[in-house]
Ligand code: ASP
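Below, in structure tokens: the form predicted on its own, a single chain.
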Amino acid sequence: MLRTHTCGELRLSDVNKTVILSGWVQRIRDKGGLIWIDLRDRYGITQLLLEEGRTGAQLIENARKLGREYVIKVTGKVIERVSKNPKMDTGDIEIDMESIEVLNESKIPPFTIEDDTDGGEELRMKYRYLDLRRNPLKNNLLLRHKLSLETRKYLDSQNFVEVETPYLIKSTPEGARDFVVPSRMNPGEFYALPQSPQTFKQLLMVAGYDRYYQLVKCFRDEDLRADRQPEFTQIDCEMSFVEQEDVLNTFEGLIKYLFKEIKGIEIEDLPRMSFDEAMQKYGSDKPDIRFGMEFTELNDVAQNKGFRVFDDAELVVGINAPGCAGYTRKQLDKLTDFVKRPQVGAKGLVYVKYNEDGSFKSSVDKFFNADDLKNWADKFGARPGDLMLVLSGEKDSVRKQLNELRLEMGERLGLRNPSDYKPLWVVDFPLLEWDEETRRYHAMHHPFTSPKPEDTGRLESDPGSVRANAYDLVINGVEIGGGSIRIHDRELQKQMFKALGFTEEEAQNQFGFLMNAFEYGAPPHGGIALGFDRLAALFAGQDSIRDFIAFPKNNNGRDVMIDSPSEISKEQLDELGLKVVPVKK
């Protein structure tokens, strides 16, 4: 055998055993008379020892020819270390070496393969197979593995069955852009890669598979950021003969189970918050409820005082930052610059310091006296020593701007502890949202989401007021997933397509297979999809999903390791009946 043990398992109880280890040379420390080699595999590191006068001269000579990342096989006896290392699992022992065999040499790596590497992100992505040798990435992938294992255990215990759905499907106009795949056997026609298995899992419900799940790869051709990749994995689930409460209870159970099994954390029952409440209190449909600073609306006490910025605004709204009245002018200017960034979009920031002596100092003292500002403080529930920060403008825009400021203040005040988990359900979303550019309604979630039963009658007369039978799981300000109770009635689905601006012909062309299936006894059903990559990153207290995917794409959607996407040959293009039109770069 090439090894009898791994590099992470030997302990004092193994002393005097002769063992064979194989792995990569992490580092070599040559002190003249003593040589130590750290040997690494995915299980850990074991220290190897050679000592002049006791170890054979040829063996020492061979050891001095080794380099970093050489793959070697060693034989030796386990001995107790004189100078123990409590930071290593194998820190009580070392291997008194008897032989070395080089299994493969290595070039000098382009960056140090250590926890704290000197390699930049693009370089490490180019040599991803080397980066994956480092402990941080190894631990991320092991966490991902455990998360998938425990997810399957829980869902299996709830009688879910895993069913694979196709990767080559029909392109649909709703949602993000599709990745499309040309068909050689059907010239001029294209498959799409699935943004989700939505219609297939609904068809499985029609087929009688009442509890389906899949850890499934999905694809969206959209702009990238830290928590987005063009291909990603989701925990995709569907259930028959259920109402909203049944789905929430089942997947609240999954979240509690995963936190307990993987993090050792007991999660309390998840609170519920309506979409309207979330937007009014936090300016976001994915609120971070680890800290307060809920929004306070000030129209009744801040308008009609001659300050046109407020008087002309649809909404005057702010947050109270406890204990921040001592902020300097420089700190306040930085906050103003923050909200004026293009990504936030505010035109300015009004502040009010509620000083420890009970006095007020604000950026609008010219327009508001001490009594006015005391009224503000009462609305905020502010105390001496607090800082009130106020924005104004169009209702939807200013709430989003204030949400960014709230999150920034939470970050600056250390209130967004990644080890503190506060999940919740956001429910009662609008079914539809109006798009000024296309002058029509779009589905807030997707076209198969059921309206609230009590709102169905307004789908034709007042579609904008209809609430969806939909729900999102939010943890620490991150949307982990969402779902809905689906439409299972053909006539209601036709009504929904009409509200979305589909002609009957368009609806039949795009989704006729699903509507036809509804004529053969479709049960009431609903489901959810959770972002598996985001969940893994969240469990590790990180924002980016990239380091929880073995081989991710960069911000331009490229795999720099294999240089993809890339051009294909003229012969391949001809077979597909395609012609490349040059694009100016």
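These numbers were taken from a predicted model, which means no experiment stands behind them. Numbers follow the displayed sequence, beginning with 1.
Omitted here: the form predicted together with the named molecule. The next part is about that form.
Checklist line | the named molecule in the predicted bound form: contacting segment from 258 to 266, 440 to 448, 120 to 128, 177 to 185, heavy atom within 4.5 Å | finding: This holds for exactly one stretch, 440 to 448.
Margin query: On the criterion of a non-hydrogen atom at 4.5 angstroms or closer, are G482, R486 and A529 all touching the named molecule in the predicted bound form?
Written below: Every listed residue reaches the named molecule in the predicted bound form, so yes.
Next item on the list: May I ask you to state whether R406 is within 4.5 Å of the named molecule in the predicted bound form, using heavy atom distances?
Entry: Contact check for R406: no, nothing within 4.5 Å of the named molecule in the predicted bound form.
Next item on the list: Answer for Q234 alone: is it within 4.5 Å of the named molecule in the predicted bound form, judged on heavy atom distances?
Entry: Yes, Q234 lies within 4.5 Å of the named molecule in the predicted bound form.
Margin query: Just checking whether R228 would be counted as a contact of the named molecule in the predicted bound form - the rule being heavy atoms within 4.5 angstroms.
Written below: Contact with the named molecule, no.
Check: Can you check whether S196 is within 4.5 Å of the named molecule in the predicted bound form, heavy atom basis?
Finding: Answer yes; at least one heavy atom of S196 falls within 4.5 Å of the named molecule in the predicted bound form.
Notebook entry, point to check: Out of R290, R220, R467, K374, which one falls within 4.5 Å of the named molecule in the predicted bound form, going by heavy atoms?
Noted result: Contact with the named molecule in the predicted bound form is made by R220 alone.
Notebook entry, point to check: Taking the named molecule in the predicted bound form, which residues along 492 to 518 bring a heavy atom to within 4.5 Å of it?
Noted result: Going through 492 to 518 in order - heavy atoms within 4.5 Å of the named molecule in the predicted bound form - there are no hits.
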